[in-house]
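First, one chain by itself in structure tokens, the form predicted on its own.
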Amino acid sequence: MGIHDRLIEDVGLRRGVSRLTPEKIEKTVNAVLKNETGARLKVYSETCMRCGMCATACHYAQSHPDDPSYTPAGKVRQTLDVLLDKGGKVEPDFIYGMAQLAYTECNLCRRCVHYCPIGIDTGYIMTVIRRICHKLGVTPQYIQDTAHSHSATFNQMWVKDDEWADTLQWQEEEAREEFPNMRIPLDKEGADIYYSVIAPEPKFRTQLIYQAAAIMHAAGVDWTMPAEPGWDNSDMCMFTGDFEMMGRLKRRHFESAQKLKVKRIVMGECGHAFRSIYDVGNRWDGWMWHPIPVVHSIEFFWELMRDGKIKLAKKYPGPVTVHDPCNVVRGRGLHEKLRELVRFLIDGDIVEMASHGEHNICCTAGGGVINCGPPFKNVRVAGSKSKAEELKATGVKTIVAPCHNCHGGLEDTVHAYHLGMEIKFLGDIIYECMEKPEA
């Protein structure tokens, strides 16, 4: 079996491939491989021993144990190796399968790096493949729509400027009964904290903005949110391979924070957005480091608890299990702080999954895969079988998952495999359990 035996019809991929010629493919492939990659890709392509150890790392391979084409090495063999062997001289139909594999059968979770005896990063290789697909104009329709929205409006959900400010005001007004003196400060110059969120929060999950504001208020934090475009810290362009647009979006985000002269950016509970600002977009923009320090809300909430700025009226009933978002654990090493924070919040034990911490299995929604839309949902859910088995084995009813995409992927997994588990953000638990003296 291989990717061309399981093709799924997608209008974006089909339209993109229809515009290709072998000559355009060859020129684009070689332009990327010769001008944008370097020693790193060369070492990876020349040193893979096909030992098979990466097969135990990938949740897709674990969930399809009889099909080696799902292994990280198998994915490279079907994509990069073919491009290198043929010098980019491949047909448009090959690009269709290559794009489907790179965008929907790899979450870029980088778990395979920990299992490869020589440290090959298949996530990086698949990122190169996505970059080639983007430059060829061959990307799944739904994720490309999201990238277009972000490029046009500086937020992925096409939230209009007045709707953004109105949403924040609405949440502030909603909170008045509970916290009469609470405010969501907009464009407050010189604040300690600039709080940034992803666009699905004002669009679909406004309660998370409410909860974050309540936590800031209870902790006495000097904070602000921006009123102008640049507030959305998410980044599907990073995952489509549109690095130019990714850089534009990250620059706008940092510039909005610089304009307000804030001391730190605190990012909401999202993994991919943190990755784009903390580790990828800033580099594409040519900064050696961030122009303003960036922390994930795991770190920030941990600081509030450490410093006694949040007092608890009760503890959340345990036991719970903890899902480690790939981009803040493998990408930032926050698994210990996450557990310290959860232990502070719950009454009971953390029951670890068989794979946890830096070896955690991906939620199967990361890497933009969930944003590739309904045509590929069954691919994600089938690939999450190994995750579902580990979740079920914990025997608990609550999953703590501090990431938006992880919530989406885990919700699909819990539903598909009849696990009967509830998924909580850290903000959900802190807000529910903290003292609310003004209430």
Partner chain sequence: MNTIYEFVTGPLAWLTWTAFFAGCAWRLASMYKLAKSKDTSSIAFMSWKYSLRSIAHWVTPFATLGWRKNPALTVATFLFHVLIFAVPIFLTAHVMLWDQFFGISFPAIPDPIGDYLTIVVIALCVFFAVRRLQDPNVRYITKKADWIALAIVFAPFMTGFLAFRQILDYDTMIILHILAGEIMLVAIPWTRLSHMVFAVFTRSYMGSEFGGVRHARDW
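Numbering follows the first chain given and starts at 1. Because the structure is a prediction, the values reported are computed rather than measured.
Separately, the form predicted together with the partner chain exists; it is not shown, and the next lines address it.
Only one of 275-283, 193-201, 237-245, 158-166 places residue heavy atoms within 4.5 angstroms of the partner chain in the model of the complex, namely 275-283. When contacts are defined as a non-hydrogen atom within 4.5 Å, all of T71, G74 and R110 contact the partner chain in the model of the complex. The single contact residue among E303, E358, E172, E255, judged by any heavy atom lying within 4.5 Å of the partner chain in the model of the complex, is E358. Only one of the listed residues (V128, V266, M216, I120) places a non-hydrogen atom within 4.5 angstroms of the partner chain in the model of the complex, and that residue is I120. Although the partner is absent here, K314 sits far enough away that none of its heavy atoms falls within 4.5 Å of the partner chain in the model of the complex.
Residue contact with the partner chain in the model of the complex: G52 places a heavy atom within 4.5 Å of it.
H134 falls outside the set of residues with a heavy atom inside 4.5 Å of the partner chain in the model of the complex. When the partner chain is considered in the model of the complex, R176 lies well away from it, no heavy atom lying within 4.5 Å. Residues are counted as partner-facing when one of their heavy atoms sits within 4.5 Å of the partner chain in the model of the complex; in 1-16 these are M1, G2, in sequence order.
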